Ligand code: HSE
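What follows is a single chain, given as structure tokens, in the form predicted alone.
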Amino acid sequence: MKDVNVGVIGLGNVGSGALAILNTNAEQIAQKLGFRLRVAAVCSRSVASLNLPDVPVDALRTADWRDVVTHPEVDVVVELVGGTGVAKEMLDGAIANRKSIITANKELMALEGADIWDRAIKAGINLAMEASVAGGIPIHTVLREGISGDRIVAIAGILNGTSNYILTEMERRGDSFDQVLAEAQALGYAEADPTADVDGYDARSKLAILSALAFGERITPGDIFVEGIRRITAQDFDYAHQLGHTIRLVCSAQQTERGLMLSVRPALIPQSTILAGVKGAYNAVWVKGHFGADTFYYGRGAGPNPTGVAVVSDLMRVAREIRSGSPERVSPFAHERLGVYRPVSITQQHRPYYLRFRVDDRPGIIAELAGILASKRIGLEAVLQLPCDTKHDLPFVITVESTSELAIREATEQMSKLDFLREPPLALPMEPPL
């Protein structure tokens, strides 16, 4: 059977990983498919200076992505550039030239993926995006096919390996956020500008994609509540351990009677849960179905090999479709059409909360804080204070009974005006066992 020809745009870590897998695993891939995947073109701005041992000698090497999307022999375009600017032009160009698309672009797929799919299907081509979320975990396939017969009611997960590495190293060593971030940057786990990772925006894009697959709604990433990890300290882990918990950046999607509630935020989770054991740069996704109950998926969230496997697996699926000529394509969003997103404000969520304070110590502080909580009908659960060398920057924690996010926000806003506070209170939800 005739080969399926591939054009790869973007030769960074993921692109290089995918090319290495295609080359090294070529015979096994051909045995599985019944034909070969042939790299016909590669593109990078620095292609002239790159050593590309995994690219066939007769493949086109170019610095202009237009040469790839218009190449007469290319059947599938693999976009591994990222971002929402030129990457969108690349996908538009591929669709205009009737080339199927493989992408790892979480940001673009979260913002415009459903529209891009609509245009792709009208052009008679396919779109696959397994590598856009959770690297080595085939979570798209799980939601699109593996448990598609169920009705998903909730998702929770750790979807950003950089933040998870920082948090688990802070927990393990007792170092500060700034110390571990600098180390992560030196090791290549974090970008020079870590905003997307540590402030939760990367995870938000991923949650938007997974929620669209799971719940069949056209998610607007900007509607998702997001809070990052910059304010977490090593002392927060000490207090969390006293409570039998740890801290992770949790992506949460829950279907309620009023609509879909989505958030990305640091939260306390019980140490006894499987999610608490996810450490380092690993990702994990817990899915609760109405009929199938709990399932859990775990693996590396990034890296050239895990993400490269996802790219090549997508290539194999799309190549089969090209060769079989199937007129019925399964949407990468698992639903024929996405419905209207009905966001429910996170302010309506009810949870117990962890409140951490830093104060200039003086008599009456607890009574004043408890009075504010009582005025919002928030019940006090416990007060914790670990030994501290100074009274001028004294940390302590109050945990409260289950209450609404709105009540907590109103209480902490009022507390922030108190003159003994060194900084506004840190409020983290305490998630139930998963």
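This one's a predicted model, so the numbers in the text were calculated from it and none came from an experiment. The first residue of the shown sequence is 1; numbering continues from there.
Keep in mind that the form predicted in complex with this ligand is missing from the display, and what follows is about it.
- In summary, the region of this chain contacting this ligand in the model of the complex, judged by heavy atoms within 4.5 Å and restricted to 262-270, 137-145, 289-297, 195-203, corresponds to 195-203.
- Although the partner is absent here, Lys106 sits close enough that one of its heavy atoms falls within 4.5 Å of this ligand in the model of the complex.
- This ligand in the model of the complex is approached by Leu159, whose closest heavy atom lies within 4.5 angstroms of it.
- For Ala302, a non-hydrogen atom is located within 4.5 Å of this ligand in the model of the complex, even though that partner is not displayed.
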